[in-house]
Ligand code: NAP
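Just the one chain here, laid out as C-alpha cells, in the form predicted on its own.
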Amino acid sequence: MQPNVTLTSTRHDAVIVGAGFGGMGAAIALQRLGIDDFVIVEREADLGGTWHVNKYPGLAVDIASMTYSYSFEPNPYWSRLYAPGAELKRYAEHVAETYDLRRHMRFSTAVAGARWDADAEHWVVSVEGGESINARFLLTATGFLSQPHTPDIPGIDTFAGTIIHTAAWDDTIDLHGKRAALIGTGATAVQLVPQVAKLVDELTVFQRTPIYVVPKIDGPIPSPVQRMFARIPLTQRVARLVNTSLLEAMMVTGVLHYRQAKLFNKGAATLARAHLRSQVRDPELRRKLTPDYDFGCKRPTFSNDYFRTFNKPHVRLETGTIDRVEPDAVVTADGERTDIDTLILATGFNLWDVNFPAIEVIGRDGRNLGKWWRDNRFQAFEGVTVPYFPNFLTLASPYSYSGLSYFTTIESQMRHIARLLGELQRRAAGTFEVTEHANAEFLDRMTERLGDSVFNLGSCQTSRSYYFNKHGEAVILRPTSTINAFREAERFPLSSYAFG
C-alpha cells in the first residue's frame, strides 16, 4: 500500500482521476502518444476501482473474463470462464506493473473539484488535505458505479445489530448462525444471496424489483486450454470474439435495437423465464421472482444458483414495501415484522445525484458540468467531451457505455483520445474543445437511435432501472453497435473540435 503523497502545484501534462481500469486505460493511451508526465489520483488506498473496493462473498465478474479484459493485454491464465473478484484485482495489478503505472499513482487522495483556468490554459485540480495540481489535460475516470447508495429507510439509524453495505464488506464479521435481512435484488445480490444463505440460520431477501437472470455457462478453464491461450494467442482472441458476438446479439442488439430485433429480446426473456421455471418449484414464488417489465430495461445478469437458493427452508423472499427498521427487526407496510440481528445492504450505487460527474467540474465561463447536465440534458460528444470544457475528457459519461463489457467502452475511448490528442500534437496546438454544433448533432443522433430501443418502445415503467435518469432518459448506453463505436472513435470528423 502506498502512503498518501502531498501534491505540489507543479504543472503536469495530465491529471487522471481514478485508478480503476478506465483510468489505467486512459494512462496507457497517453503513454502511446508519448505523454508521460501525468498523475493518477485515487481516493482509495490502492488501484483497481470496483475490484479493490468490493470484497463481498461470491464476487465475480458477470462478463466472461476473456471479454472483460483489455484486448491488447490478454490474460491466458484465468481460472474460470467468469473469474472471481480477486483475480480481477490481480489482473489490475499486473496491468499497472506491465505499463509502469504505479509510479504515477497517488492513493488515498480525494479530489474535491476541478476548474479551468482560461488565462493559464490549464486545469486546477483541488485535492482534499493537499495543494492543488495544475495540468494541461483533465481526464475523469471515476466509473459508473463508484458512489454507494444507502437507502433512506425510517429507523435504519436505530438498528442495534450489524449493518453491512456490499461496497464496504467487512471480512471480520462472522455470519454463521445469524438472522439476516438482505435488501436489494440487483446483480450484486444475485452473487451474494447464495453465499450468505450458506452461512446464516435465517435469511430474508427484501425485493423491490425482480431481475432477469439467465443461465451462467461457467466452469474451470483447464490447464491445457490456458497453455494453448498462452502459446497461441490467436485462439484466445477467437474465443473472445465468439463470446463478444453472443453478448452483442442477446444483450445489445435485443435491447438497443429492439424495433429491428425484437425476437432477440423476446428470446432472451424466454430463456430467463425457462431458467426460473427449472429452478423454482413453488408457482407463487416463481410469480414473485418474474419481472413484469421487458428484458433489458434493467441490467440482467447470469447465475446458476440464485433462484434455487429460495427453495431452501431457511430462505424467504419478501416483496412487501419496507415501512421502517427497528432496533432488532424490519417491518413492512402491512405490519409484518422480520426479526433480525444483521442487515445487509445490496442497494447498489447512486448514479444520477452524485456520479455525473463524481466531482465538481467548472469549465469555461464558469459553467458547472453537473448543473449544466441537469438543466440541459445529459450529453457528451461520442461519450468523451463536452462543449465549454476545454482539454477535458470525461470517461464515465452519458452515451459512453458501448457493448456489455466495460472494456469495450474503455478501448473505444482510448481510440478517441489517440485521434484527438494526436491531432492536437500534429497542429502543435494548446487546447481542444468540441464544438456546440458537433455535440448537438451527436446528441440528436443518439436520441433518435434510442427511439428504437427497449427503453423507448418496451414496457419499462416498473423496472426501477439505474439506466434511467430523473427525466426518464436512458442515457448511459450508447445506442449503436460496438463496431460503430470503434469506427467512430477512429473516424470522427476533426472539424468537430476547435483547436487553439
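These numbers come from a predicted model, not from an experiment. We number the residues from 1 along the sequence you see.
Missing here is the form predicted together with the ligand; even so, the following discussion is about that form.
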Quiz item: Since exactly one of His257, Lys298, Arg106, His275 fits, which has a heavy atom within 4.5 Å of the ligand in the model of the complex?
Solution: Lys298
Quiz item: Considering the ligand in the model of the complex, which of Ser71, Gln195, Gln425, Thr209 comes within 4.5 Å of it through any heavy atom?
Solution: Thr209
Quiz item: At 4.5 angstroms, heavy atoms only, are Trp51, Gly184 and Ala187 all close to the ligand in the model of the complex?
Solution: yes
Quiz item: Thinking of the ligand in the model of the complex, which stretch from 61-69, 448-456, 29-37, 429-437 has heavy atoms inside 4.5 Å of it?
Solution: 61-69
Quiz item: Just to confirm, Leu175 within 4.5 Å of the ligand in the model of the complex by heavy atoms?
Solution: no
Quiz item: Heavy atoms within 4.5 Å of the ligand in the model of the complex: does Phe442 have any?
Solution: no
Practice problem: Give a yes/no on whether Lys55 approaches the ligand to within 4.5 Å in the model of the complex, heavy atoms considered. | Solution: no
Quiz item: Does Gly348 reach the ligand in the model of the complex if we count a contact as any heavy atom within 4.5 Å?
Solution: yes
Quiz item: Using a 4.5 Å cut-off on heavy atoms, which residues of 153-177 contact the ligand in the model of the complex?
Solution: Ile153
